[in-house]
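Okay, so here's just one chain, in structure tokens, the form predicted alone.
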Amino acid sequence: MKKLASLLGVLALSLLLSAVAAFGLAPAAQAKEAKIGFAFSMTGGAAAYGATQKNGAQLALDEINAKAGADGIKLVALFDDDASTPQQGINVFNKFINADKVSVIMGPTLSNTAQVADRIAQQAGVPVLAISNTAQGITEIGDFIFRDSLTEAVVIPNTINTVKAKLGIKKVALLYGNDDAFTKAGYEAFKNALNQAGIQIMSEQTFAKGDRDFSPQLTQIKGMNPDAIVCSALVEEASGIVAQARQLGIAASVPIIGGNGFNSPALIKNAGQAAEGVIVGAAWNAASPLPLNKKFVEDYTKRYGVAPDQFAAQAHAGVYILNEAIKKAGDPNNRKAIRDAMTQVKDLDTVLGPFFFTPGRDAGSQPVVQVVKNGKFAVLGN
């Protein structure tokens, strides 16, 4: 009986397959999968940036996967916390590369971490897309390293030239964090841009990551009566500097000009009214009239209950850039093919505008200059 049942089972399967062939039916195609490792600062000093990066990336992932279809490529996200430290960034990259076998990595959040973690990916031949690393030397690590974030060397000269033209500043005090790759790169870019613009640097003051009292530096600056304070800082220190400057009586008529570290709603939330009038160079502004950007701002705000910032926008754009490269590569598991395809991304429609990589694998988009106005970032002069 068992033998007869087995023969009948084989016959039934044969008849089913014949019917499928006869009617032109086929089993549903299985979607290909591409693993992406997301290394963001969910804790530590850069957590304010990492949280919005994750939100922006997740929104893009859901949009893309909803449209992929059964025979498309599904993006599989693996999120991990780089803890705002180089050592944890190294741990996360090693896990992504060796245990998770990801096809590509997005992140880490800070340039300090990227300077060491990206070298591991370069050696392993795993493409990396930086979405907030703006210090010098990141893409120079190797030909597997890309970024969609504009460097301070691009954003800051535009900021200084715009402010000089609109506000007529002639003399400034320069304040910067001297123990972080990002803030030091911002300082160098600011110093060069100020010298090129013929603006006098009256004083250079420094601070360290984690400092809370900036009154000694700001008191000296106040006594010099500069036309503006130029500052390279991450958002935690930037918030304290802005708030304490106004508390010490440095008038709102003396603008505080920040680098990319200032470009977060956390600055406005933490510094409150003192943030009004702060000027920040940026790669993106929420008020951009691009249809894709307007939809992004609307969808993000509806989903998360707050408006997106530049870090969310660059993460959202980054996922679309990686998706485009993975599609072009054909094989979602071929790391080198994905790297090669990334160099071919050109005029891709993103929330940052039409995107392409320069020959040096940096972002080819245009910077803007923002000012905090009525509790929001607005384009300076609008």
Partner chain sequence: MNVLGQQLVNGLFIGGMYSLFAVGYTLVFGVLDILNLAHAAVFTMGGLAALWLVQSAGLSIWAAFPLATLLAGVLGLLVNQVAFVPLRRRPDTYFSGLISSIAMAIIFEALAMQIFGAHNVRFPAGTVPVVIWRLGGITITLLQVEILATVVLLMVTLTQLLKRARIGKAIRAVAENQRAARLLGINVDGVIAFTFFLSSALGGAAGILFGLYFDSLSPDMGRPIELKGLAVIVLGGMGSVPGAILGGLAFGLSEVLTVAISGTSNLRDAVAFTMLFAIMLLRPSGILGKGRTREA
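Since the structure is predicted, the reported quantities are computational estimates derived from the model, not experimental observations. Numbering follows the first chain given and starts at 1.
Although not depicted, the form predicted together with its partner chain is the subject of the following passage.
Although its partner chain is absent from this view, report whether Leu248 comes within 4.5 Å of it in the predicted bound form, heavy atoms only. Leu248: yes, in contact with its partner chain in the predicted bound form.
Taking 4.5 angstroms as the cut-off for heavy atoms, does Gln217 touch its partner chain in the predicted bound form? Taking the distances in the predicted bound form, the answer for Gln217 is yes, it comes within 4.5 Å of its partner chain.
Distance check, Gln314 to its partner chain in the predicted bound form, heavy atom within 4.5 Å: Flag for Gln314 set to no.
So in the predicted bound form, does any heavy atom of Lys74 sit within 4.5 Å of its partner chain? Result no; Lys74 lies far from its partner chain in the predicted bound form.
Looking at 198 to 206, 163 to 171, 274 to 282, 253 to 261, which lies within 4.5 angstroms of its partner chain in the predicted bound form, counting heavy atoms? After filtering at 4.5 Å, what remains is 198 to 206.
Using heavy atoms and a 4.5 Å cut-off, decide whether Asp148, Val319 and Thr350 all contact its partner chain in the predicted bound form. No, because Asp148, Val319 and Thr350 lack any heavy atom that approaches its partner chain to within 4.5 Å in the predicted bound form.
Looking at Ala337, Val345, Ala47, Ile64 here, can you tell me which has any non-hydrogen atom within 4.5 angstroms of its partner chain in the predicted bound form? It is Ala47.
Which residues, if any, of 209 to 244 lie within 4.5 Å of its partner chain in the predicted bound form when only heavy atoms count? Heavy-atom contacts to its partner chain in the predicted bound form: Gly210, Asp211, Arg212, Asp213, Ser215, Pro216, Gln217, Thr219, Gln220, Lys222, Gly223, Glu236, Gln244.
Knowing the shift is 3 Å or more, I'd like to know if the C-alpha atoms of Gln88 and Asn270 are closer or farther apart in the predicted bound form than in the shown chain. Gln88 and Asn270 sit farther apart in the predicted bound form.
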